[in-house]
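One chain follows as structure tokens, the form predicted on its own.
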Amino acid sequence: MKIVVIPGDGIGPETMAVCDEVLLSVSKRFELNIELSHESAGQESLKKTGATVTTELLEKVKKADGLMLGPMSTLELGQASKGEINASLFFRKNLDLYANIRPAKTYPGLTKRVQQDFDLIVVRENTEGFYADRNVESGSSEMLITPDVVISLRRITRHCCERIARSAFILAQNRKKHVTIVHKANVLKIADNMFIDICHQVGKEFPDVRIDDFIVDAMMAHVVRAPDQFDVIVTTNMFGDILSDLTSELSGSLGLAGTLNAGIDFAMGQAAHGSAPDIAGKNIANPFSQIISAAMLLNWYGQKHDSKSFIAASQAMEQITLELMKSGQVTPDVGGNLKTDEIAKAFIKQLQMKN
């Protein structure tokens, strides 16, 4: 498996270095023959090439089997026409990575933010919705009509609703067989009612999966109060972006939140958190989000190619992550005292102890 690795900005190079060590150790242990090809995007690329991400890099990624993307600094980005491009959006759009899959759960050994243990997944549509930068062929769907009037358009299509719904039901089929649809159909009556209807239509293909739905604002309260009542949550882009950060934080920290952006032919593992420039270079950043994302990428590849070795490697990565958390071998943000690079050593030691 050939993986393009883009460390990213801020703490990205530190957390990705740990992920590299973990991937290469797992590759050796399970004989996966993983090849890592390091490329630059973000602020480093902007200084070198005049653009945060280039079409040449996209072509390299397309020739690989997967992509690992580190956190990117996006707040200071200006006009895309000047090369200041959101790299995450760039790859999601150009590789048609329509499913953003964000698991969130409580971990034994770590302080819980809620009383109940829970294990859920937010499945978020990734390519349309309230995001103005992916709704029209050229430019933005957000328009400045007068200096005092802005109109922002939202696009919802049957095609995108069907495929994100199917992704959710496939996941639920192999979990607790429960899909929750999150929407705002009481206000967005046409678009969100279409989304709900399509989810139910796809759900007929999975008769043993239970379906319910919640208005998004009510869902926020329900998730905080009783996250254990949910299994797979499917929703549109903006709602999913907000909800997945909430559920990740309930699990303990965004630093524990893995993400897979998946399409039909390609997938990208991506840390859920930002570049955290305030702690960059201090060797205290939490690398588990990156490791969990890498495990999800290996599992996606294993499922796609029917490879038991890749699936087993992914499961081993998840299990070792759980063992490290349970034993308190974590970074300070979640109550431990290990440095960022020490997580790699602890992980590899645990891997070597397995038969």
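From 1 onward, residues are counted along the sequence shown. Note that the structure is predicted; figures quoted are calculated from it, not measured.
Just so you know, the form predicted together with nicotinamide-adenine-dinucleotide (NAD) exists too; it's not on screen, but the next bit is about it.
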Answer with one of Ala80, Met220, Leu254, Ala132: the residue that has a non-hydrogen atom within 4.5 Å of nicotinamide-adenine-dinucleotide (NAD) in the predicted complex.
Leu254
Can you work out which of Leu120, Ala276, Val202, Leu260 has a heavy atom no more than 4.5 Å from nicotinamide-adenine-dinucleotide (NAD) in the predicted complex?
Ala276
Counting heavy atoms only and using a 4.5 Å cut-off, do Pro71, Ser88 and Ser289 all touch nicotinamide-adenine-dinucleotide (NAD) in the predicted complex?
yes
Does the 4.5 Å heavy atom contact test between Ala285 and nicotinamide-adenine-dinucleotide (NAD) in the predicted complex come out positive?
yes
Going by a heavy atom distance of 4.5 Å, is Glu21 a contact of nicotinamide-adenine-dinucleotide (NAD) in the predicted complex?
no
With the partner left out here, check for me: in the predicted complex, does some heavy atom of Ile343 sit within 4.5 Å of nicotinamide-adenine-dinucleotide (NAD)?
no
Can Ala99 be called a contact residue for nicotinamide-adenine-dinucleotide (NAD) in the predicted complex at 4.5 Å between heavy atoms?
no
Among 267-275, 194-202, 180-188, 156-164, mark the stretch whose residues have heavy atoms within 4.5 Å of nicotinamide-adenine-dinucleotide (NAD) in the predicted complex.
267-275
For a quick check, can you give me the residues of 101-135 that have a heavy atom within 4.5 Å of nicotinamide-adenine-dinucleotide (NAD) in the predicted complex?
none
